[in-house]
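Below you'll find only one chain, the form predicted on its own, shown as structure tokens.
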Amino acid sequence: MPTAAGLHLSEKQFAELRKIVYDRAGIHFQDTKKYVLESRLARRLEELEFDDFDQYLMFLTAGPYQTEEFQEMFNRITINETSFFRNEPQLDVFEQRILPELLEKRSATKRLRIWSAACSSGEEPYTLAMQIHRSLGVRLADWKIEILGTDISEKVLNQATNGVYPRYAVRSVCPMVLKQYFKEENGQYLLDPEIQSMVHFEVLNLKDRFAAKRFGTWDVIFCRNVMIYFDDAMKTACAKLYHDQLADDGTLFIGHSETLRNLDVAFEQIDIPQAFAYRKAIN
């Protein structure tokens, strides 16, 4: 199927482009998804005034701006679909079951560390910050809360840092929470500065295990709706990374359409409805 720009992605070009994406980000585009890369990159080729995908592949692999261009390409071929309080039943499990347990276990150190991996424009880690904020209340000042949001895309993390969101992003937020933590201004929703201050953002490629390790151990890891884009090898590598970086009594949350079954990683699922959560298996 030709793109709007009349540019065609041959099977050979698709194979090369798909390999680049997989090698650098671990995302696997199936054979049936060639049209996705073709259609989403056609406009980019027009902007660069390239005549075909061979020129683009050369630019992407041998040009002086190959790192920057990969970021640009990645922003265009991925869909950063997210919102505040997405999959609320699972978040209720976090707030009502997992969080109280952790606060009790960490009462001596009063330190809690949470990692939101592949967080896109920040709705997930900010949601977790709001839940912790209302759970601790006045006790928040006594705690050291560290929430890290990471993503491979610098562009979406810049949006997250700004803390300004369209109506669509807050569509699942109840009116009381919306009033407490957001300020509406010209059709945009500005996040409360105190909630913003609870979250730190860093660019991180999940394939880079050494970079991930420098952030240390986490009490809770959220990695939702990410592994659906990975093949089994990348899913296993990702799960092993989380196992290494998770506290022995920590919790890993994944998406409702994802599973760690059949992966050679020592996790066991928590038997709580709607949790989609795992802990390290006990030997």
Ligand SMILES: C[S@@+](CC[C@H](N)C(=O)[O-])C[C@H]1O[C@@H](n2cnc3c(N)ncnc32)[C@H](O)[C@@H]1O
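Just count from 1 along the sequence shown to find any residue number. Quick caveat: nothing in here was measured; it's all calculated off a predicted structure.
Heads up, the form predicted in complex with this ligand isn't pictured, but that's what we're talking about next.
(request) Answer for Glu104 alone: is it within 4.5 Å of this ligand in the predicted bound form, judged on heavy atom distances? (result) Taking the distances in the predicted bound form, the answer for Glu104 is no, it never comes within 4.5 Å of this ligand.
(message) With a cut-off of 4.5 Å between heavy atoms, is His133 one of the residues that contacts this ligand in the predicted bound form?
(response) Close contact is absent here: in the predicted bound form, His133 is far from this ligand, nothing within 4.5 Å, heavy atoms only.
(message) Can you tell me if Asn205 lies within 4.5 angstroms of this ligand in the predicted bound form, counting non-hydrogen atoms only?
(response) Asn205: yes, in contact with this ligand in the predicted bound form.
(message) Is it the case that Tyr229, even though its partner is missing from this view, gets within 4.5 Å of this ligand in the predicted bound form, heavy atoms only?
(response) Contact check for Tyr229: yes, within 4.5 Å of this ligand in the predicted bound form.
(message) If contact means a heavy atom within 4.5 Å, which one of 183-191, 170-178, 106-114, 149-157 is the stretch that engages this ligand in the predicted bound form?
(response) Within 4.5 Å of the partner lies stretch 149-157.
(message) If the cut-off is 4.5 angstroms on heavy atoms, which of these, Leu37, Ile27, Leu45, Leu60, is the one near this ligand in the predicted bound form?
(response) Contact residue from the list: Ile27.
(request) Work out which of Ala118, Met73, Leu128, Val199 lies within 4.5 Å of this ligand in the predicted bound form, going by heavy atoms. (result) By the 4.5 Å criterion, the partner-contacting residue is Ala118.
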